[in-house]
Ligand SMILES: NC(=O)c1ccc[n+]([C@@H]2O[C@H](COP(=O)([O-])OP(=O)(O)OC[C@H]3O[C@@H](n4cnc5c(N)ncnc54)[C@H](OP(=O)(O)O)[C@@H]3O)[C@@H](O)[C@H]2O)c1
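The data below hold one chain only, encoded as structure tokens and taken in the form predicted alone.
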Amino acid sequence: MSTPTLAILGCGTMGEAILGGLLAAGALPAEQLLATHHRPERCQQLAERYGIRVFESNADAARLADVAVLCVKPQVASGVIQDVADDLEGTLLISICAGVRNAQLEGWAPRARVIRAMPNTPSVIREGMTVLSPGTHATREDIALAEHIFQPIGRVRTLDEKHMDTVTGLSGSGPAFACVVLEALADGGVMMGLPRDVAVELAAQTMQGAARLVLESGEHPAALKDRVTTPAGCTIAGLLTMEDGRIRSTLARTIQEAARVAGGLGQDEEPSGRSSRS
């Protein structure tokens, strides 16, 4: 399918990041993109900003789509999908709902082919990390199409579903954890006399540069760390202070706990049952 019609069901922050990435990359033309939102003013805003068709009804968009990307809260995913299940027959359904399993998605929409996806918030600036996990009936062509959808907003990997809770804890929640580290580094700069805006800029650019160095060099972070750690220098002094605070185990346990909680998301239904709201 060279130019599928794609509908973003529940076009909030992440849905808009996907939409903007597709348009900016020329991956799909505006006439092949649809979106939904339950607020009329938001629908108008999206339509004017991107030149696409936007609906208040998920069903109206789903019945026109070859691919539907579900971008709603995990607690309402069941109701939204079941309300449009008949309209998803033969459709590729991609869900970014944290904690919602492929088996659940396939049970709610048995006539759709399913792929579970976990992007993260840096997707808004096209620096996201998305992991895909195909369902039982997803084809290689479906996976390739899902990669095509998410590549404009960052890096994409495909993994077995057993890893998705950890992915949610690491790359899904990770930007929040990284911002805490960034803020703490900036606080250190302020404590030593730097203006706040300068300290934040230095910390942010340093973290961005270190991350890109790991990705583009392919070297292990420990090797890059050792390269700037000279005998009796300031870096080793700072590193030992970090170790005194057990930063490694604290951060590792942070991912462990986030992954544990992620595993429970989407497993408890909202008592209100079905909902057509996006």
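We number the residues from 1 along the sequence you see. Bear in mind that the values here come from a model prediction, so they are computed numbers and not experimental data.
There is another form of the same protein, the form predicted in complex with the named molecule; it is not shown, and what comes next is about it.
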- [ ] Using heavy atoms only and a 4.5 Å cut-off, determine which of 152, 74, 169, 135 is in contact with the named molecule in the predicted complex.
- [x] 74
Open item on the list: Under a 4.5 angstroms heavy atom criterion, identify the one residue in 84, 92, 131, 97 near the named molecule in the predicted complex.
Closed with: 97
Task: the named molecule in the predicted complex: contacting segment from 112 to 120, 177 to 185, 193 to 201, 137 to 145, heavy atom within 4.5 Å - done: 112 to 120
Task: Exercise: residue 212 in contact with the named molecule in the predicted complex, heavy atom 4.5 Å - done: no
Task: Proximity of residue 246 to the named molecule in the predicted complex, heavy atoms at 4.5 Å - done: no
Open item on the list: Is residue 39 near the named molecule? Define near as a heavy atom within 4.5 Å, in the predicted complex.
Closed with: yes
Open item on the list: Using a 4.5 angstroms cut-off on non-hydrogen atoms, would residue 10 count as touching the named molecule in the predicted complex?
Closed with: yes
TODO: May I ask whether 5, 25 and 67 all come within 4.5 angstroms of the named molecule in the predicted complex, judged by heavy atoms?
DONE: no
